[in-house]
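Form predicted alone, single chain, as structure tokens, below.
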């Protein structure tokens, strides 16, 4: 009977395993293999085994380090804003128990939009010069017109704001569910001991929802590191390379410059960075939680 159950389990899992193998494992293996090759459609006569030359080239590539720096700024800024704003909104909505369902419905709307749609929405309606809603508000407040997507620093701020706008609701929903599950008797005891609101938040709320915070940081960091569609739709990595994060640089190298070997090496480096950051954050998640005093 045990053998029969094992065969049945294998029969129902094999199709999924085969699909996973074809859609993830094989392309990943091909990507790693390509990173050790010289594959340039513009100069096919140079194609062949390159060894580690693509990776060595990255160390002297200033554009690569610029993209790395932008990726770090983009990821840290957007994830921090999502956690802080999402937690703040969740704490605020917890004070309105009867209308929480309205906030949940509204929060879902940006999440279900495709990132490319979000990028085009912000590019054409929110950040467009002269008639964009943000530009109109800035001029109405008495400030000078800003070319949000045409100047380096405003463009970087804009793509961070776009990503934050779309994915802060995700953090908000996770934190709202976590706050709703907290034991009320602990907070009641803290009130009896005359702990103020900040003390209750710092010594009770934060330690209790720490696993949820770490999970949000892990998930959002992994997505931010691999962000592409919204930035590509909004700025295309420009102006110049002002918003060209590592994922965009790998894409342009492969599909615009047709240098697939070097583009694969760039993608593998991003994969390694993402795995390292994820491992570090998962280690932080499994660390022993300090009990509130």
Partner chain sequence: MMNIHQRASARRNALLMTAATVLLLIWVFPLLWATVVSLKSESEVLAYPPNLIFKPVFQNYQDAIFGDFSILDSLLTSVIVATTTTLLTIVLAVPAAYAFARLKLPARRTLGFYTLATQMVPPVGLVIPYFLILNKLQWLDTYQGMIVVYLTFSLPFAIWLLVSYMEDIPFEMEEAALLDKASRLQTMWYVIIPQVRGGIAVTVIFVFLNAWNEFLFAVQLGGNTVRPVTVAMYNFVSVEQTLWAKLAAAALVAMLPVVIIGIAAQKQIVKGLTVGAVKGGGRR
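The shown structure was predicted, so the numbers you read here are calculated from the model rather than taken from an experiment. Residue numbers count along the first chain shown, from 1. For clarity, a rigid core is taken as the largest C-alpha set superposing within 1.5 Å between two forms.
Unshown form predicted in complex with the partner chain; subsequent notes refer to it.
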item	value
Check all three, 65, 160 and 183, heavy atom within 4.5 Å of the partner chain in the predicted bound form	no
Options 86-94, 151-159, 71-79, 201-209; stretch whose heavy atom lies within 4.5 Å of the partner chain in the predicted bound form	86-94
Any non-hydrogen atom of residue 226 within 4.5 angstroms of the partner chain in the predicted bound form	yes
The partner chain contact at residue 38 in the predicted bound form, heavy atom, 4.5 Å	no
Non-hydrogen atom contact residue 189 with the partner chain in the predicted bound form at 4.5 angstroms	no
4.5 Å heavy atom contact, residue 284 and the partner chain in the predicted bound form	no
Residues of stretch 244-280 in contact with the partner chain in the predicted bound form (4.5 Å, non-hydrogen atom)	247, 250, 251, 254, 255, 260, 263, 264, 267, 270, 271, 274, 275, 278
Rigid core superposed: residue 276 CA moves 2 Å or more between this form and the one not shown	no
